[in-house]
Ligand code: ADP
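First, one chain by itself in structure tokens, the form predicted alone.
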Amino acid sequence: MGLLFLGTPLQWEEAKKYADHVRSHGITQFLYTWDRLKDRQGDELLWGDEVEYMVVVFDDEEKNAKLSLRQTEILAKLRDIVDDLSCNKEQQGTIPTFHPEYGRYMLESTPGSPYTGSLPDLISVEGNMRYRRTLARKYLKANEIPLSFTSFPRLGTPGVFTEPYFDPADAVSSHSLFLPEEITNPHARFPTLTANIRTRRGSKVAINLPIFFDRNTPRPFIDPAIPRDRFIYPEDSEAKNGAALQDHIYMDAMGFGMGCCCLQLTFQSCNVTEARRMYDALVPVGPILLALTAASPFWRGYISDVDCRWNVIAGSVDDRTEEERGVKPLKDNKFVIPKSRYDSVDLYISEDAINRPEYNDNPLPYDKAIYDRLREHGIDNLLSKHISHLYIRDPLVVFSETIDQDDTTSMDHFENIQSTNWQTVRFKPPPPNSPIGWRVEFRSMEVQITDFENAAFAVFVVLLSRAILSFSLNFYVPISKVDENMRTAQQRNAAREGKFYFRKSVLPTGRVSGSTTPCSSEDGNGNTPKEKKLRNCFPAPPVPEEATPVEEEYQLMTMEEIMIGTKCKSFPGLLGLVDSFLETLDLDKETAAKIGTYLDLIRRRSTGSLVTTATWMRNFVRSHPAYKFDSVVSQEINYDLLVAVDNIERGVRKEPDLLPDTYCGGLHDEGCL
């Protein structure tokens, strides 16, 4: 998560003095990188995943599942193990790596080296993920388990939910009523980030999720677990003065959002143009896969009426002042900013002809001086707006040792702001002094319980990304409709009951659905040779033959229609497009069968024959013998739920509503590299 530098972070009153300095030098650093690498061409497809776990301690006597706060100790042990494995293995680059995250109970894992476009690499993803989990599990305590689980259901409840226990009264960074200081990674960046968001905002963050009203839930619902009479910090009165809404679950700290786990993917592109094309194409896909991976219906020990984490994280890092939120007229701030710095994408950035100006239909605040500077340097309108929009934000953490940098060789000031604009998709310039090229990061998905599911969604997204480029697909809908889709995606059971705006025709103008093969040379017999690997470097989409009114290009569709296709067959569905792309590949039977199991999972989630993780969790709790139909996830229920999650992952417990009958689990397959 962002930059981890060993140094002295400045508190907000000092850090804000350097905001313009960081912005100015950040743009200078970007321009040096742009000048060096804007013409870089021919980078092959390299890609990777990030899977986050929470380490849970099971107390079988007390029937309590708690968060283990041993992240520092666990990571030190894993680092030693990884170093030993690297020394003893010929292919050192394949050994996975583990990283810290915001929550002191969290681990992030990545492959030791990127996957390539080879087909063997594509079907190795699940084994790699499982190996990482197995490695972590081996070096934890006997009662500690690494769970790929989006949000801990009882984070912030009264009583004991961490091991060891700490009192929220000592939350000196967040001033939270619910979360102790020790929930946060001890690296100086994280508590400073937490405190600076609160100080800059002028209040604690205020997150309110609607409660799910079950038959015994009190109406109105006024949360009895909020300590409204605490008077330790100046902000303690906020909850009773209106920050905590009636009929909602109230949360007041960064840890509730940044303590969530997710699944993210990053792709290297052929060049900057292709990266911008891929960025735009994935923007409308973000809400769809958020809904399909929904996995977080429980918060602070209650059942909410939403299924996803997104608005919780958006609220947890919302550093906007009252002026920036539009609550007060602008006086000390420059901009009214419609969204948190963690939210959906605000601007399409490709210069392809299919990106019509009408698609960027939301108001876009941007720094005019930075925009003019970028334009004067020769950067086009859309990319200049993208960067200058990101740069309306202040840097949240400034280290005194890094204020002065060599802008010709560093990107730290640029990344200080770039990396704290957390959006559904991220456009990533090459890092300095690195062979890495222009990249795109896909960030919306919720992490799934099993490595099989996480691999399925990873493989689907990488195949969809190649279909987009290979077939010159057009997914553009107005940005305002993407925002509406993000709101729909988080609703309870959105994958089955929601409708999303999606484009009716995604194929290039003039091309019929039966001719969805990419541009390739034919062999001597007039046949197009099949590709032996996934690749980059495709031609630009053709210029549209004629423009239809934008409002006629899209319609509301169900998840099944978006993924499987519409009844009239004019839109083949995202899975249909992936199936067509697979026909262009030279697949052996084993590879085709493996990919088929992944796509079948996604197909069945799309049709509802398999439920989302969030729906399975709801059903588990509401059928638990201790549940009182009062929207409360008790300690006992939470314990049984997380035991079941671990048993499902290991293959000990079968859940035919959630996973196919063929799923075996980690107990039978520890994974491999």
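Only a predicted model underlies this, so the values are computations on that prediction, with no experimental measurement involved. For every residue, the number given is its place in the sequence shown, counted from 1.
The same protein also has a form predicted together with this ligand, omitted here; what follows describes it.
Using a 4.5 angstroms threshold between heavy atoms, Asp646 stays clear of this ligand in the predicted complex. Within this chain, Asp640 is remote from the site of this ligand in the predicted complex, having no heavy atom within 4.5 Å.
This ligand in the predicted complex is approached by His99, whose closest heavy atom lies within 4.5 angstroms of it. For Ile436, a non-hydrogen atom is located within 4.5 Å of this ligand in the predicted complex, even though that partner is not displayed.
Think of it this way: in the predicted complex, this ligand has a heavy atom of just one of Leu67, Leu610, Leu46, Val621 within 4.5 Å, and the residue is Leu46. The contact residue chosen from Asp236, Glu553, Glu126, Glu108 relative to this ligand in the predicted complex is Glu108, the criterion being a non-hydrogen atom within 4.5 angstroms. In short, of 572-580, 355-363, 340-348, 109-117 it is 109-117 that has heavy atoms within 4.5 Å of this ligand in the predicted complex.
Residues of 263-300 placing a heavy atom within 4.5 Å of this ligand in the predicted complex, in sequence order: Gln264, Thr266, Phe267, Gln268.
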